[in-house]
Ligand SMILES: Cc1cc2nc3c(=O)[nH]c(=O)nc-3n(C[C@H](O)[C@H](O)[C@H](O)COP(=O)(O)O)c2cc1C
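A lone chain, given as structure tokens: the form predicted on its own.
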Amino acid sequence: MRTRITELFEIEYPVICGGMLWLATPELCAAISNAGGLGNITACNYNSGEELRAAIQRARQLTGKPFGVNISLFPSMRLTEEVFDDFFRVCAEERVKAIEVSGRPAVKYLQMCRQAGIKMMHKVGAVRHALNIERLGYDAVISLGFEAGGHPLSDDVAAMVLLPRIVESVKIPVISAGGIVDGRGLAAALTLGAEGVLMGTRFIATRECRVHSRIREELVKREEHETALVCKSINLQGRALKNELALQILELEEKGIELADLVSLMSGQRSLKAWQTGDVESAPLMVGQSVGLIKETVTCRELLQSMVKDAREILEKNLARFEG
């Protein structure tokens, strides 16, 4: 399956793993890359550039295929600007294949990354932001629909509308994210003009993802309406699994709570503990509406191969139907 994205990143399939705090580790990254996609290491898993360097080198022990690094430039309670500087410097020194940026544009790092041969992509939720990313000289843009887990833009535009709007507005390759878990989603994204897809939630329910078995069981059990948008009232909108903590946060927001009062509830350390212990009720578990489409836990190789096979069959069947 050849697209501008497979050529840009030198991968077999146009399937990319997005940033996932605590979960996008060297092991999961290598499994996805070995399966033909673009694996990901999330830089904010680490406290320094040298810790990230060790993770990159660990991934290279596990795969000889290209992989990327996610660097989230959202405000952080744990990481300083100097640490973000180190993350980009280390990626340039290690010459990783790609960097996926979220949050503010990585303006001050773009020249350094270009000189290192790194391909840059940025996650956006609006046409105006996609146009800015193209103007800045990024290599690709990620269209993040409202369905996605994590932090979709508060414009609240779903992928079915956002993706074709961005595709018709920019010339650089567009990657679709939000609500995609299988070959149907891949086929739909390609039909709407995307050159590839980026997934997060679906990769949690793979055997190589280091989460407690109860987490995987919960994702398979949950339906598409069982997520919640939290922290919208303080302009830090996030989509998380609907659990006791999410409902508690929503109740507090109705009372007019402020950011300082939510810090302990939204702590990344809560999430880290939950992923490890399988506690699905007392931590913010950032997943998308695509949980409703996850039916089983599979390996990364099984997932990517079935996605591409099913997407090809869907596209060929529809072409034959219309030609007939």
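Heads up: residue numbers just count along the shown sequence, starting at 1. Predicted model only: the values in this text are computed from it and were never measured.
Just so you know, the form predicted in complex with the ligand exists too; it's not on screen, but the next bit is about it.
- The three residues Ala148, Gly200 and Gly288 all sit with a heavy atom within 4.5 Å of the ligand in the predicted bound form.
- Heavy atoms within 4.5 Å of the ligand in the predicted bound form are found in exactly one of 7 to 15, 311 to 319, 20 to 28, 298 to 306, that being 20 to 28.
- Although the partner is absent from this view, Ala194 stays clear of the ligand in the predicted bound form, with no non-hydrogen atom inside 4.5 angstroms.
- Contact between Asn132 and the ligand in the predicted bound form is not found at the 4.5 Å heavy atom cutoff.
- Of the heavy atoms in Thr206, none are within 4.5 Å of the ligand in the predicted bound form.
- Contact check for Ser33: no non-hydrogen atom falls within 4.5 Å of the ligand in the predicted bound form.
- The contact with the ligand in the predicted bound form, taken as any heavy atom within 4.5 Å, belongs to Leu144 out of Val174, Leu186, Ile99, Leu144.
- In the predicted bound form, the residues of 175 to 198 lying within 4.5 Å of the ligand by at least one heavy atom are, in order, Ala177, Gly178, Gly179, Ile180, Leu198.
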